[in-house]
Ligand code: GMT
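Just one chain is shown here, as structure tokens, and it is the form predicted on its own.
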């Protein structure tokens, strides 16, 4: 029988790839009998109800007048050290280098040598591809990675970019993201009716709406579509969409775009969708594409970063250069107007998701990393 481990997990609690993956991983590890302790300023939005071996430890952030901006790294490191000692953590698994890996390294310095947990850092993207190029962050990121006991990345692209940008010599294990959908609580018909849909093809975009997601390009794509088949775009927003409302008005898209904020039961809406649409400038993996694949929906996407590791071009989706807006419009129109092609690609997408990006494969890979650093 595998050894039961005490595992601390720190991630950003909002909707985004790192928080979603970390929450799902923690839930799976707990189901396998490990004790899992989440440490963050808020309970992750996708974290299920807590039970006997799934815990949450909130980090209190003080807003002292002495500081122009509230500090999170130091309170986080103190809470990490506290939980590591009280729960006898074997592993501190931190998702995102900044500030989580730096806080974990600092926490280890506060703990008695005999009870040091091993630090596993999982990179998700902009923590190295963007912040790693900032001279105010790069050296601290490199220091944290070099002092982590293991480093993982969610794609081969991200592992390669981390080595190039950060200059680390630390080995990086590639463990792709996974998504295991929960059962939809409402039927496809119920959701489509609630969205005011009849025969329209439903395009779905789920993201945290950060600038690199290029929502402006997404809306321009929708405005440029001239299809024989009626359609609507559903945006499952994990961020503030208000800055894009002016563009929606200007492009006269109010009857084409539906925006829902911070949806927890994402499965209901994925089950009601026909295809995904993603227009990012950069992606380390793009969990939204995988989420759509799990429900038999192919995606049209920009061909950037780690996305070609997720989509098999022409078989499970269509990709195009991010600067080629006419090409993206043509690809989206092709899938909207061709139901047979959309369904064929959807079948292949669901198969690829189950074969290459299963929770069983990913969780076993993380457990192997844990056991390796503890041996």
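Because the structure is a prediction, the values reported are computed rather than measured. Residue numbers count along the first chain shown, from 1.
In what follows, reference is made to the form predicted together with the ligand, a form of this protein that is not presented.
Residue contact check for residue 195: none of its heavy atoms lie within 4.5 Å of the ligand in the model of the complex. In the model of the complex, none of the heavy atoms of residue 93 sits within 4.5 Å of a heavy atom of the ligand.
The closest non-hydrogen atom of residue 18 lies within 4.5 Å of the ligand in the model of the complex. Taking the partner from elsewhere, residue 282 is found to have a heavy atom lying within 4.5 Å of the ligand in the model of the complex. 177 is the sole member of 121, 162, 177, 301 with a non-hydrogen atom within 4.5 Å of the ligand in the model of the complex.
The contact residue chosen from 186, 232, 210, 147 relative to the ligand in the model of the complex is 210, the criterion being a non-hydrogen atom within 4.5 angstroms.
Partner contacts here mean any heavy atom within 4.5 Å of the ligand in the model of the complex, and among 67 to 75, 224 to 232, 283 to 291, 262 to 270 they occur only in 283 to 291.
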